[in-house]
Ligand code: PAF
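In structure tokens, the next block holds one chain alone, the form predicted on its own.
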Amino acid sequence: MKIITAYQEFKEFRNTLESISFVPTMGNLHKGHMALIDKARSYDSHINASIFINPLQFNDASDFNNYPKSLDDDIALLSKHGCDSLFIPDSSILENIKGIKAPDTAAYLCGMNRPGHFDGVLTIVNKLFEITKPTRSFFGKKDFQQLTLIKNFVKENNLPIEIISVDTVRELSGLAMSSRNNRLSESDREKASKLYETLSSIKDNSSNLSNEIIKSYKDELTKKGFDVDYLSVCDPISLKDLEDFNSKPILVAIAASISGIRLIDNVLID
């Protein structure tokens, strides 16, 4: 696997390739990321991943500073899964970067209490797209709002990039794979599986939902020690909360913290 750190070197390297399947990451890789690489391998194309912990998308400086780093393990894992090249830019990638303002869809769900987060996401993704010029790029459905925003951004700006979504990879307990899981204690990791249990229960009872029932699920999580940011039943396109829970498809999305570690998950009900 070829490793490139210099911006200009990557641009020159890109000129030697016909097409690229691109997987942008912030490192601390796990099976969820490898599902993106494995999906990329189903295309007859050069597979490139990037690792860059983007400060623009962190609202909390300590969250950015504490973001787990495991570069040697990441390189070994990518190589094992057949990634062809890895781009590891330094902070100079942010110099003179074109800021992107996220649309109204960013104001819901994770955007409610994380102002500017998706501006930072779209800004760095746009920059990485400019550098890597991918034929297609891969994103996980766990970050449904991010996926939606990137799909819409590509469409609205007529970028010649196919955005491919990949199903959420879960631990045996049902907990969605996340780099943040590494920061959970053993007991908190066990508790964290309650998030997916909650989503699954809502899905199983989707024909009998109301605001009161959703509130009862939220209250139950609070009793179990979660600080629930949101538990939303929303339209999967606009991401606005629904008043009519009988219309389908619907997205049930959650963000909650346990011992200060924020986790997100969702299920789509169609």
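All residue numbers are counted from 1 along the displayed sequence. Note that the coordinates shown come from a computational prediction; the quantities given were computed from them, not determined experimentally.
Keep in mind that the form predicted in complex with the ligand is missing from the display, and what follows is about it.
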The ligand in the predicted bound form has a heavy atom of only one listed residue within 4.5 Å, and of I75, V125, I100, L175 that residue is V125
Which residue, Y196, F153, F139, F144, has a heavy atom that falls within 4.5 Å of the ligand in the predicted bound form? F139
Tell me which of 234-242, 209-217, 53-61, 38-46 has residues with heavy atoms within 4.5 angstroms of the ligand in the predicted bound form? 53-61
State yes or no: in the predicted bound form, is some non-hydrogen atom of V228 no more than 4.5 angstroms from a non-hydrogen atom of the ligand? no
Any of the heavy atoms of V166 lying within 4.5 Å of the ligand in the predicted bound form? no
Does any heavy atom of V121 come within 4.5 Å of a heavy atom of the ligand in the predicted bound form? yes
In the predicted bound form, residues of 9-33 near the ligand [heavy atom within 4.5 Å]: P24, T25, M26
